[in-house]
Ligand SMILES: Cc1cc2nc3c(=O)[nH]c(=O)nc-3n(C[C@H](O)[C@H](O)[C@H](O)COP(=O)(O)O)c2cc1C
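Quick setup: one chain, the form predicted alone, written in structure tokens, and binding and motion questions come after.
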Amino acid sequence: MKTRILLIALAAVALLSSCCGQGQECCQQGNEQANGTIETIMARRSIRKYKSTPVSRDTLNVILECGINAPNGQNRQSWEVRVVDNPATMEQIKEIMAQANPDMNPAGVKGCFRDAPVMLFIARDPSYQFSAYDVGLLSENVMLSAWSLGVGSICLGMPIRFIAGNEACAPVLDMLAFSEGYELCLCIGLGYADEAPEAKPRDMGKVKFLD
């Protein structure tokens, strides 16, 4: 981790040094041309097909550390994350969910995780009114840092519909073992992409500058 940060810092110093003596315009153009953060944001896609290749825990720890370093209200860190990267454990969770939702197609219930090899279950502290925003900020950090490391992701709400408020899914919540009072609110799938989806259009018309 320290080696990676050092390399990034050295690259930034080299970029700035190359602009010395050439004025602010040169530095500004160089930063725009080699801004890895912007490139990651613009390149990230939601991935719904994954390779079976596991994601190492070293890589996951980097991603999770980026996640928990997201801004959050009053530094309450009003979220908790449970990581499931064991296929047998994930299959057990899927089986419980399928049995707990007998009116649904079992394949459809199990498929809500998109077969991502890693699943993050994220809970929030509802006693803090802005905890849902904190979860959103953490999640964006997770997905962007994952993409920068070559790991795809998808943000999932459907599993929450099958689990939350369903007493038959209590064993899943027992397995996740969140702190008392916390409620499951989001899942993020992680894994190496087995597809390359095109970007969907965004409407800049929804953005207005007030003069």
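Residue indices: 1-based, along the sequence shown. Just so you know, these numbers come straight off a predicted model, no measurement behind them.
The form predicted in complex with the named molecule exists for this protein as well; it is not shown, and the discussion that follows is about that form.
For a residue to qualify, one of its non-hydrogen atoms must sit within 4.5 Å of the named molecule in the predicted bound form; all three of S46, I154 and G157 qualify.
In the predicted bound form, the named molecule sits within 4.5 Å of a heavy atom of L186.
Contact check for R114: a heavy atom falls within 4.5 Å of the named molecule in the predicted bound form. With the named molecule omitted here, the record of contacts in the predicted bound form names 157 to 165 of 172 to 180, 49 to 57, 157 to 165, 66 to 74, defined by a heavy atom within 4.5 Å. Residues in 86 to 100 all lack a heavy atom within 4.5 Å of the named molecule in the predicted bound form.
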